[in-house]
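There is one chain below, alone, in structure tokens, taken in the form predicted on its own.
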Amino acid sequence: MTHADRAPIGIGMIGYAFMGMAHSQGWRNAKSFFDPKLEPRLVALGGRDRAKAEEMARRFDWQHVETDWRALIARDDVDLVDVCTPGDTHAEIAIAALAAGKHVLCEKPLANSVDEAERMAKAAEQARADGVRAMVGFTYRRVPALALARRLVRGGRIGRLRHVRAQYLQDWLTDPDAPYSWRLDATRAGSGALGDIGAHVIDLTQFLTDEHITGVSATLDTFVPERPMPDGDGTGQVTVDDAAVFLGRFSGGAMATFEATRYATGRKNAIRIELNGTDGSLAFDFEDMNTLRFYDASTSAETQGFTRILVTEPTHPYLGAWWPPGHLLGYEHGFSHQAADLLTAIADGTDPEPSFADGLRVQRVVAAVQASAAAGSQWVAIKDTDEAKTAGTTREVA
């Protein structure tokens, strides 16, 4: 298919910081490498600071800048709204965009509360009846090694799942003098490490296993209660968690351990997931993102051991569009995969994944972790999943 054969789709993105850059790169590369049926046009970039938004627009070839997100949604040349703002604005923007008949891509976590996420999922379902699509940006699903892991699990290669281990470890807050930011304010971020990075491994483990987390027992901690303001004028109170640790149970009976922290000194972006089953195991670490380790228990004892799979073959997920085998991919490629998948779903009239319903499911787990920690690590069953396997006294969260 040539560029001339593609129907155009106007993209309007709200937010121009770290995620805005990643999404901009994704939209540009998706049309170059994956040849989707729709031609993404970078129509409008939204941001309150016009000077910063204009500089971002210049760097990534956005055609226009809007300082009011409502004006961006109202544009006739915008067909899809990409929400890259802090969590406290997700619900209002996404619901307004869906009501205006615009497709929506919303960054994770979907919302700051279960109530907001429920309203967003309901709006997405209503818009779906009119052919309007919505997707939440859990981009790590589209790391080729993790997509391959899902394929192996679905193919029965590890048998019945017994254990899930998941960690997301960063260290950018280990310095107590690191400045205060919106990510440390519960009114804007909803939660700290739990929602910022823990949400990723919550989603990933449910994605990889095709199962739901049915209950948790959790603890949260805040190590540094206040931090200096960026302008040097006083300090700001940290009102979110710095670290989250919790036990979980999956709908098929597997037991799980989760850890999310921004205080793991020396760990920059370590997403570590291990799945142990009756017939084998899979292990992944994002700091070695092009490899997947697979243990096949059916092989001879003389040669058993974890096999290192270099996930760069054209038969591996997404790799056929990129470089020759052995030429590695990086962090930014997941955003191109995300954009290409969403464009394909819209063109084909199918439901993109992860859906807003998937985002709501993650938000329910986040809320259960917070409720458990507040109740002294009491087990909290999670509503709207398969029947929870719990022991002792339980609480339930909607």
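Residue numbers run from 1 along the displayed sequence. What you see is a predicted model; the values in this text were computed from it and never measured.
This protein has a second form, the form predicted in complex with alpha-L-sorbopyranose, left out of what is shown; the following refers to that one.
Although the partner is absent here, N269 is a contact residue: one of its heavy atoms lies within 4.5 angstroms of alpha-L-sorbopyranose in the model of the complex. Taking the partner from elsewhere, W172 is found to have a heavy atom lying within 4.5 Å of alpha-L-sorbopyranose in the model of the complex.
Of the heavy atoms in Y140, some are within 4.5 Å of alpha-L-sorbopyranose in the model of the complex. Using a 4.5 angstroms threshold between heavy atoms, I197 counts as touching alpha-L-sorbopyranose in the model of the complex. Contact with alpha-L-sorbopyranose in the model of the complex, judged by any heavy atom within 4.5 Å, is made by just one of R119, H316, R183, R133: R183. In terms of contact with alpha-L-sorbopyranose in the model of the complex, the residue from K108, H90, R249, H103 that brings a heavy atom within 4.5 Å is K108. Stretch-level contact analysis of 273-281, 226-234, 93-101, 197-205 against alpha-L-sorbopyranose in the model of the complex, using heavy atoms and a 4.5 Å limit, identifies 197-205. Counting a residue when any of its non-hydrogen atoms is within 4.5 Å of alpha-L-sorbopyranose in the model of the complex, the one hit in 142-168 is Y168.
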